[in-house]
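The chain below stands alone and is given in structure tokens; this is the form predicted on its own.
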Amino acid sequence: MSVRAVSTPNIALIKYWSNRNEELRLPAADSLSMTLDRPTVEVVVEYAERFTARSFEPDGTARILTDKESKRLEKHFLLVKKYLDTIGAAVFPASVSLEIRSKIPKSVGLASSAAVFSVLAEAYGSFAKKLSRRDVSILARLGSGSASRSVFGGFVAMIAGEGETIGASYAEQVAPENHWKLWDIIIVPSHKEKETGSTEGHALARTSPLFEARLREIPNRQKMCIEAIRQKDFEKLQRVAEEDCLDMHAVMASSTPSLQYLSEETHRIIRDVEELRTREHLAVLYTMDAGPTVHLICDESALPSVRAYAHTQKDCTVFEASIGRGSHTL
């Protein structure tokens, strides 16, 4: 038996940064994101005598997984089995082989791990049968916290929950993909792999003197963001999303060691967008995950201007995405 599935990244509007339990990737606070419709990651999962994984680059060439990557994939598989055991799910393979085909460049702020682990969760869930979407989001979280949100389409909240049990945190949909047509124009200033990955960065968050204040602010920001989405209030969405993004990067910069994910090009693009927004009265906001990449989220009225601006940026790669349906089998 084999299962084929596909998923995509998401872009966080209220950022996920830090865990209360690193092993199970239980987040320290809620978060919220918009699921994108591209670029995609596809997987084929098959029964196997031993765990193996093969990966392919966006151009289709084989990519040798690092030892760290292989161990992370296998650890995720074992945690999935552990969770399925706790809920008494149906028979699950003793081991599997994975074939991962990603259209997402690594480490450029496009949440490749969110797409990879949500699509694996989707495939694993198909083997187990009769799982809820919440269960699948938990399976995804065990590989990457943000992957939990890519299981759903549209706008998605991650519920931090309480306690240390394996199923304590999960994702749920706030609004479906057809609720509000927004776009994400993604400007990648550099394809250089970041020195400190998100997993390592999460573990440093608590060393920042700004961390506890951020935790106190997130419940109100989460509430405001959900209200903005349901009311289709772009101005409110812009205010809260940009505030939370800059707050997260202040926590990163004040951690020990300091994490400086934003580049000079990132800051220049932010200044340009603020000027463009004021000059043309555009519904566009900027946000950045753990990397220099700038996501410009806009409505359809602003799309032509935002797209034109993005394509004038020298030495930058531009991706364009809209709202996606979340992970699903093929």
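Residue numbers here begin at 1 and follow the sequence given. Only a predicted model underlies this, so the values are computations on that prediction, with no experimental measurement involved.
Beyond what is shown, the protein has a form predicted together with a small molecule; the following relates to that form.
- Exactly one listed residue, out of 241, 229, 248, 136, brings a non-hydrogen atom to within 4.5 Å of the small molecule in the model of the complex: 248.
- With the partner omitted here, the stretch from 120-128, 159-167, 191-199, 97-105 that lies within 4.5 Å of the small molecule by heavy atoms in the model of the complex is 191-199.
- Proximity of residue 290 to the small molecule in the model of the complex falls within the 4.5 Å heavy atom cutoff.
- Proximity of residue 72 to the small molecule in the model of the complex falls within the 4.5 Å heavy atom cutoff.
- The closest non-hydrogen atom of residue 12 lies within 4.5 Å of the small molecule in the model of the complex.
- Contact annotation: residue 222 falls outside 4.5 Å of the small molecule in the model of the complex, judged by heavy atom distances.
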